[in-house]
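First, one chain by itself in structure tokens, the form predicted alone.
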């Protein structure tokens, strides 16, 4: 079942319920901010202090970073692009079977987008909700000249206690440490005892988030980069939409086209960034 819901302030979202799982997707940003398989705790972390207000990005869930990841070369432009705060249209909904629901949302170019990024495009996000969560972000160059694209499905995972979590599957991969501006190669699984902000490259296999008895697998397509981020104590206390202790129960593992993994699309060409989480 798919229904349109509104919060008291009018903030609109789709609510999905089927035999396997439930989810909530905001019209603003095509932002998936809740996903839970029946009988389990929510997979996604969302800040209890994040405002659900028009024009303000939701802190948590899966923000869509597009058409660039991080800061643009122009510091006046919004971090992580503009897609996550713009209104998307629902293009298609489908109840595939009792356990599986598919939703496609679309963002079209407008005067507002052209002021921020002077390119015409077609952008869709396909979300399939079931026992497995799948997200496919497809960009088509509808302009008459090439453009270079960065993107991320900036997934905030809910964890029991960050100190007890490890991330596997990135062993041996090179990464850029955004905190120090230095490059390294990952040795062993990733653990957390301080602020972590890394962009991994040459990612060609599944990533595993191991949290006690629960293991979450993230399989990416159209991507050779992944971001692992936790703000820890000092940064968490400074960030908007976060409580001082939010870092304890969240970890971002982001399916990305970042840094060396940005993509250049010729006119008429398309690229899909896909994450399958199970």
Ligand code: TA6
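Positions refer to the first chain, counted from 1. The structure presented is a predicted model; accordingly, all values stated were derived computationally and were not measured.
Beyond the structure shown, there is the form predicted together with this ligand, which is absent from this document and is the topic of what follows.
- Contact with this ligand in the predicted bound form, defined as a heavy atom within 4.5 Å, holds for exactly one of 45, 52, 232, 229, namely 229.
- With the partner omitted from this view, the residue of 156, 88, 175, 82 that lies near this ligand in the predicted bound form is 156 [heavy atom within 4.5 Å].
- Using a 4.5 Å cutoff between non-hydrogen atoms, residue 33 does not count as a contact of this ligand in the predicted bound form.
- Contact annotation for residue 254: at least one heavy atom lies within 4.5 Å of this ligand in the predicted bound form.
- Although the partner is absent here, residue 143 is not a contact residue: none of its heavy atoms lies within 4.5 angstroms of this ligand in the predicted bound form.
- Taking the partner from elsewhere, residue 197 is found to have a heavy atom lying within 4.5 Å of this ligand in the predicted bound form.
- Not one of 114, 121 and 263 comes within 4.5 Å of this ligand in the predicted bound form, counting any heavy atom.
- Stretch-level contact check against this ligand in the predicted bound form with heavy atoms at 4.5 Å: of 97 to 105, 204 to 212, 148 to 156, 185 to 193, the positive one is 148 to 156.
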